[in-house]
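Have a look below at one chain only, the form predicted on its own, in structure tokens format.
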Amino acid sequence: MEFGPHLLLAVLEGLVTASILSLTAMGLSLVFGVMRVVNVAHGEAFMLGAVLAWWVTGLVAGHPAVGFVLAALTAPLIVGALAAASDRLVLKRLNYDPDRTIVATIGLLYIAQQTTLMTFGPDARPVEPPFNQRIALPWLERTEEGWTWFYPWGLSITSYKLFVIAAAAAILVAIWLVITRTRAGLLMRATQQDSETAQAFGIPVGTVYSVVFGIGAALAALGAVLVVPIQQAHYLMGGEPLLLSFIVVIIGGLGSLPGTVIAALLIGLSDGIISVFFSPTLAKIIATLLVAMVLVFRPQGLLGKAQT
């Protein structure tokens, strides 16, 4: 195995994983940071986004790009609206008590999962990507004539996977701008700092909570829409994204959005590189060990704030 070209392939595949994971984990981190709620049903928002993307694209005839764009616009909105309604109808009535909200979100998990099973069935559903050209991966090698480019046989990536990386990066930048540069972001940051003081100053904390819970679910659904042309939609597909999102949030720091992105890159790149050169199982084992080491040596995470 030629190390250099395969390393390039592993890094690109790892960036695809990191891109989807950063969007999914960002939603979980945002919900915990603002609401202090551990949303165990977050993975089912991912699953619903994927299944709705398959359903919407199946309704649209013509070029696959038309259905994909429609799915990218509608699936996150539907999932976000369902999550906001769940916050109003369930979590708010529990007064966001930590123990009871965990039990409640477990219940929401099973409701979403079984409703999807009864509605769409148990089969995995493929979604055709809007474009999917194969792009050969070049590598620079030194020969007797000097440095020359060559294309190792069989090493390539698709244009759609490169699009996923670029789209996730653009979405993350947009989220950062909304949180740091808009009035809505100011309200979220004020609620995160001190919800009681924010309410005393007239900020509608209940509305902020519902919006944040909906945005967190919509981000997971958007990540699912991006990944479903690569990974088929299935009613049980929410478990792994939920587990990896918790790993990322713990490593990055609970509620730390920059830490979430850094941790997603670490997990995604390590998963891609270790999976190519060793095995995917070893990648998951190492990710779990990283969580254990962070909890032992830096419980607040990479960029989280220590509790005083």
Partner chain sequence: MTDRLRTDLLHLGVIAALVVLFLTLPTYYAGNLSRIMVLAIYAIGYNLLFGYTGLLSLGHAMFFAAGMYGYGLTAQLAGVPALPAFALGILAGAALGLVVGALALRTAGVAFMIVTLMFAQAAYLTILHFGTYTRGDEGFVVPSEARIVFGIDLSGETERFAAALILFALVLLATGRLVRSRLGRTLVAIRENEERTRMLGYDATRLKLIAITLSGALSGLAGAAYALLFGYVGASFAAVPYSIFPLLWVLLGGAGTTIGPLIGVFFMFYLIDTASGITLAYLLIVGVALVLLTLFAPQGIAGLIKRRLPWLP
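By rigid core we mean the largest C-alpha set that fits within 1.5 Å across both forms. Remember, it's a predicted structure, so these values are computed and weren't measured experimentally. Numbering follows the first chain given and starts at 1.
Another form, the form predicted together with the partner chain, is not on view; read the next lines as being about it.
query: If you check 178, 73, 166, 106 against the partner chain in the model of the complex, which one has a heavy atom within 4.5 Å?
result: For this set of options, the contacting one is 106.
Of these, 114, 207, 197, 156, which has a heavy atom no more than 4.5 Å from the partner chain in the model of the complex?
Of the listed residues, the single hit is 114.
Quiz item: Does residue 55 reach the partner chain in the model of the complex, with heavy atoms at most 4.5 Å apart?
Solution: The answer is no: residue 55 has no heavy atom within 4.5 Å of the partner chain.
- is_contact(residue 89, the partner chain) in the model of the complex, heavy atom dist at most 4.5 Å: Close contact exists here: in the model of the complex, residue 89 approaches the partner chain to within 4.5 Å, heavy atoms only.
Please run the contact check for residue 110 against the partner chain in the model of the complex: heavy atoms, 4.5 angstroms, yes or no?
Close contact exists here: in the model of the complex, residue 110 approaches the partner chain to within 4.5 Å, heavy atoms only.
message = Just checking whether residue 38 would be counted as a contact of the partner chain in the model of the complex - the rule being heavy atoms within 4.5 angstroms.
response = Yes.
Please identify, from 42 to 50, 63 to 71, 260 to 268, 274 to 282, the stretch that has a heavy atom within 4.5 Å of the partner chain in the model of the complex.
Single hit among the candidates: 274 to 282.
Task: Sequence-ordered residues of 74 to 105 touching the partner chain in the model of the complex, heavy atom within 4.5 Å - done: 89, 90, 93, 94, 98, 99, 100, 102, 103, 104 sit within 4.5 Å of the partner.
Superpose the two forms on their rigid core, then report whether the C-alpha of residue 20 is displaced by 2 angstroms or more between the shown form and the other one. The answer is no; the displacement is under 2 Å.
**Message:** Closer or farther: how do the Cα atoms of residue 162 and residue 286 compare in the model of the complex versus the shown form, where the change is at least 3 Å?
**Reply:** More distant in the model of the complex, by 3 Å or more.
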